[in-house]
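Only one chain is given next, in structure tokens, and it is the form predicted on its own.
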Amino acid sequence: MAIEISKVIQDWVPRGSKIVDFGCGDGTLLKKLIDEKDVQGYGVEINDKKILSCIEKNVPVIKLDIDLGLHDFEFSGFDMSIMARSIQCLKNPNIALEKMLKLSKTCVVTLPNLGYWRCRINLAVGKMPVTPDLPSSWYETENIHLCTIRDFENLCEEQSITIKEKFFIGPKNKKGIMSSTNPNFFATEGVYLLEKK
């Protein structure tokens, strides 16, 4: 059965909470959370076309480079921050993660897994991976800090970040035994609920 990452995130977001979605894209996730979980939500995006889509959905959004602007939210009192499929696009993902957990009690991070077996095969034959979860060629991608599931979990441990919950997705957005038991090799994406120790 296919799993929607947005559904996993939605289950973790407390009803009526105040949230910020960094790299909110076209606002689809935030719109669902506002409508179905009664959240007070704000989006941060840099792409003008995606910002326009947010506005069309009546999703509050500001244009901001996440690498430069996380400190603008320090005193906003968010319950949760979300960074879905954006952390690998940042210049300093470790600093962004630390800042997210200073401005909110918990955060959700999702990321594509470069350790997925198909990616490993591509690298073994001397090519950068191109998969459904990493669809762009190396010269077109926005991803500048790809990592594996193990890399990300090691970073959390180094920064004293507690992984409260985690969810792994395999090919075709399916949750399977193999992606759950050996996510570093079989999961295409990791979804994490984090808090500072």
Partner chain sequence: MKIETNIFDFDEGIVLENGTKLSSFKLMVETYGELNESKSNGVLLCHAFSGNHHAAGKNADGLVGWWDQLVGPDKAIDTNKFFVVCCNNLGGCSGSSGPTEINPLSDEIYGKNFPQVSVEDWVNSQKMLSDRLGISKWHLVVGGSLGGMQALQWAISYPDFVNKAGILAAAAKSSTQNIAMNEVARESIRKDPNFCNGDYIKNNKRPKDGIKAARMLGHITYLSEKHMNLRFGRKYQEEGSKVSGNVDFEVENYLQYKGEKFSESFDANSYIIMTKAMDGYDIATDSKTLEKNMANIKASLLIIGFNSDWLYPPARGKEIQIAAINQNIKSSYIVLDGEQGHDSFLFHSEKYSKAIKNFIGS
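For clarity, every value in this text was computed on a predicted model and none was experimentally measured. Positions refer to the first chain, counted from 1.
There is another form of the same protein, the form predicted in complex with the partner chain; it is not shown, and what comes next is about it.
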Using a 4.5 Å heavy atom cut-off, are F152, F168 and Y192 all in contact with the partner chain in the model of the complex?
no
Within 4.5 Å of the partner chain in the model of the complex, counting heavy atoms only, one of 60-68, 124-132, 137-145, 168-176 shows up; tell me which.
60-68
Is there any non-hydrogen atom of N92 lying within 4.5 Å of the partner chain in the model of the complex?
no
The partner chain contact at C156 in the model of the complex, heavy atom, 4.5 Å
no
D38 versus the partner chain, in the model of the complex: is there a non-hydrogen atom within 4.5 Å?
no
When the contact criterion is heavy atoms within 4.5 Å, does I51 count as touching the partner chain in the model of the complex?
yes
